[in-house]
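In the form predicted alone, a lone chain appears below as structure tokens.
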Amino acid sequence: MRPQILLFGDSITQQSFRSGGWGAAVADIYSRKVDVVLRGYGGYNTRWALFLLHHIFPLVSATPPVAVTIFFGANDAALLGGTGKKQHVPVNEYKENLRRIVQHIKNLSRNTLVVLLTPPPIDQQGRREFARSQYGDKASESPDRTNEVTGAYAEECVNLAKELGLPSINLWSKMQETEGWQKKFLSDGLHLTPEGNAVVSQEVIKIFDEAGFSDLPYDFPQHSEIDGENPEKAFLQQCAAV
């Protein structure tokens, strides 16, 4: 059985296997070495994610994932006065919820590599334009998220990673280093364009490669290693019987 990398998060993770998605890029890079398992839940915050832990990461599992990405915060940071108020989680609770998620995974396996990703920045104008395109004159004029508030959640995500000695990816800061990030990286002020997905995949793959994942063996021999007249030789080590 191949090792597994599990992607756990909200809609930005759920959409990551779409064309140009960051999850698809990770799966492609490690194809035939690792199975990349998608567990993304659109609209979810860390409070709701806690209810899924024992289902997604059963403590009785004999084969825990070799790595997990935890990518929440975009919904936790929704404003209480906006249309996403039911998704709002106070920033202190957000940090502690992330801690509980990490602790659960580490209870399953101390060797699992856990990577924390911050929410991306928010393009508030882009969010307004998206709302008007969806709801016309009925669109709320109150913002559902702000970049400043989301930045506070990103900061706590990074702080927790430092406390726990985990790698983290500060997308909120990283994306804003590029001029015109609002439209280059975000499709609706929140979710990612193909270019935004590329930023995520590059940063995730960098961490995985540093952990040695690029050196993992293929599950079965490359076709160039198989002798057409005596193929069984290439399979002796990996297959008990052919």
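Model, not experiment: these values are computed from the prediction. Note that residue numbering begins at 1 and tracks the sequence as displayed.
The same protein has a further form, the form predicted together with another copy of the chain, not shown here; the description that follows concerns it.
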| message | Contact check in the predicted bound form: Ser31, Tyr44 and Leu52 versus another copy of the chain, with a cutoff of 4.5 Å between any heavy atoms. Do all three pass? | response | yes
| Lys174 near another copy of the chain in the predicted bound form, any heavy atom under 4.5 Å? | no
| task | Evaluate Arg39 for contact with another copy of the chain in the predicted bound form, applying a 4.5 angstroms cut-off between non-hydrogen atoms, and reply yes or no. | result | yes
| another copy of the chain contact in the predicted bound form: Trp181, any heavy atom under 4.5 Å | no
| query | Is there a non-hydrogen atom of Trp48 within 4.5 angstroms of a non-hydrogen atom of another copy of the chain in the predicted bound form? | reply | yes
| said: Taking 4.5 angstroms as the heavy atom distance cut-off, pick the stretch from 120 to 128, 106 to 114, 156 to 164, 83 to 91 that is near another copy of the chain in the predicted bound form. | reply: 83 to 91
